[in-house]
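First, one chain by itself: the form predicted on its own, in structure tokens.
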């Protein structure tokens, strides 16, 4: 059994990555809280780059050295065509000023997004989720893969599942938002599922279930 540290403080991401990696045998997936890794002010400066790939690698590298174990990190975000790709790498801190965390921060970001898109017609509300998943080892090895998922931004949220922008992100082929999809179906289709499966395939040479980005 190979242990893998999921390098995030976001419990939703830990849960999703653990579920995705349940498809691959021989891996024990643990979070930072499981290991008792205390939060450090240094973590606030890890996502300072302009690409998802650079941010993911920076986080994986930091926690691999800090824990002495293989670490997996992802950086993901929503890219809206009518906003020229925003919020992009700033998805987590998209709302102008809001000190709220977790669910309250998600709600603030969603309100801000809907405000910016209030005059955009339905046929121009296309968007995609993008995820870069990176693995890093204490010996300096690193690897990164990217996954995407296309959708449309609704005018009001639907569903209570997932996190972040999921209740607004509508998949026309499914007829539901990420917030409405069962977790196992979301993991099959999502940007994070595609990126993490592609990363694990590159490491193990073995496919998990579901599509590979």
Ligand code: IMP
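Positions refer to the first chain, counted from 1. Treat the numbers as computed from the prediction; the structure is a model and nothing was measured.
One more form of this protein should be noted, the form predicted in complex with inosinic acid, which is absent from this view; the next part is about it.
With the partner omitted here, the stretch from 140-148, 61-69, 158-166, 33-41 that lies within 4.5 Å of inosinic acid by heavy atoms in the model of the complex is 158-166. Inosinic acid in the model of the complex comes within 4.5 Å of no heavy atom belonging to residue 125. Taking the partner from the other structure, inosinic acid in the model of the complex has a heavy atom within 4.5 Å of a heavy atom of residue 47. Within this chain, residue 191 lines the site of inosinic acid in the model of the complex, having a heavy atom no more than 4.5 Å away. Among residues of the shown chain, residue 202 is not one whose heavy atoms approach inosinic acid to within 4.5 Å in the model of the complex. Within 4.5 angstroms of inosinic acid in the model of the complex, the stretch 1-22 places a non-hydrogen atom from each of 10, 13, 16, taken in sequence order.
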